[in-house]
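Starting off, we have a lone chain in the form predicted alone, written out as structure tokens.
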Amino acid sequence: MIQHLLDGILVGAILSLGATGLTMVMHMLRFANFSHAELLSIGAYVALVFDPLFKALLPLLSAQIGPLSMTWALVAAILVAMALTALSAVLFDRLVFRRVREKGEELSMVFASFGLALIIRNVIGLVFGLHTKLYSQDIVFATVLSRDPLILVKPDQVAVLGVALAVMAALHLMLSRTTFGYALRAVAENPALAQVNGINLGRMIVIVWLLGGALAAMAGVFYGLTNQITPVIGRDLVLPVFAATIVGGIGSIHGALLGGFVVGIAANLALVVLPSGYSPSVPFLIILAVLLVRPNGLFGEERA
């Protein structure tokens, strides 16, 4: 039970990063972006490409960071992945979503996101193949926290949790203590009124896509670091990420952060009573439960 709880917290940190970007996009542009989870795949594979490249160009970066399987080259690759994935998110908006937004309706945006997700997933599979990949072939042994009951934690998991919590704290401060945070909330609540007050709507949309893409890339790399890298990362995580967003309440950053942990813990605790094959259905059941009991989520507000 305790082992499943710890695993759920670690998974929840990754889901929280992915859900934060999704909830900002959904709140501002008012559509369910099913292609958001594919940004996690893009980030994971961009890091996979640049990690060996940095090791070859700068051998000093090949050194491992303490007990982690992560090297300094991978840290640099994560930063590149965040930048390129953020730019990809803006590019997808320019090529697809903005055009549909100007000519179509919200439902058309949802269909467009479905199509874009399929394209991204299949292009990744075509370029990198369908086999699973790893950032490191080195075996990192788990640390035994307790023998009765047996509790194991890998150093990589602890590092991922620590970095994710630090990013969440920085994001909270940025959104709650800066002019950008106030402007973002104003645009999300009433775009027309925000524009009247001098806020550049187009610029805010670009910034939201950049933030969402960067956070998704980090989540994708962390998922690949603690699991495996496959072209179907987006397919596997789209439902948990959406569940985290809905549980927290669409548009609520704090809700998305909490929702990620709720979904991660619930999915792992379900393994205590359910066969592992039923675990993917848990996020779907959580979505149904939240929509029935509190449709606006834990921190969401009703919108006109």
Partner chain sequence: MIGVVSYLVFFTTVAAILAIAVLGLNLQWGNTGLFNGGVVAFFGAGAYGTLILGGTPQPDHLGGFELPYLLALLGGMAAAGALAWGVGVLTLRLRHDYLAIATFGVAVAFENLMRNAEALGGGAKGLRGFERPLREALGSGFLYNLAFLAFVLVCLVLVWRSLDRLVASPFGRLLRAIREDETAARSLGKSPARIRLTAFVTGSVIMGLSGGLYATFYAFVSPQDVLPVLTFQIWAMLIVGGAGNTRGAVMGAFLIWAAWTASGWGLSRFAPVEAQLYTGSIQYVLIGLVIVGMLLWRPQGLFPERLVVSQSGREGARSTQGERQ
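Numbering follows the first chain given and starts at 1. Everything numeric here is computed off the predicted structure, so don't read it as measured data.
Here the subject shifts to the form predicted together with the partner chain, a form of this protein not shown in this document.
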If the cut-off is 4.5 angstroms on heavy atoms, which of these, V123, V90, A159, A83, is the one near the partner chain in the predicted complex?
V123
Given that the partner chain is left out here, which of I246, A267, L40, I253 has a heavy atom within 4.5 Å of it in the predicted complex?
I246
With heavy atoms only and a cut-off of 4.5 Å, decide whether I287 touches the partner chain in the predicted complex.
yes
Looking at the partner-bound form in the predicted complex, is R147 within 4.5 Å of the partner chain by any heavy atom?
no
Proximity of S108 to the partner chain in the predicted complex, heavy atoms at 4.5 Å:
yes
Considering non-hydrogen atoms and a 4.5 Å limit, does the partner chain approach Y45 in the predicted complex?
no
Are all three of L17, G66 and V153 close to the partner chain in the predicted complex, meaning a heavy atom of each within 4.5 Å?
no
Answer range among 70-78, 159-167, 125-133, 217-225 for contact with the partner chain, defined in the predicted complex as heavy atoms within 4.5 Å
125-133
Partner contacts for 14-28, taking the partner chain in the predicted complex and a 4.5 Å heavy atom cut-off
M26, H27
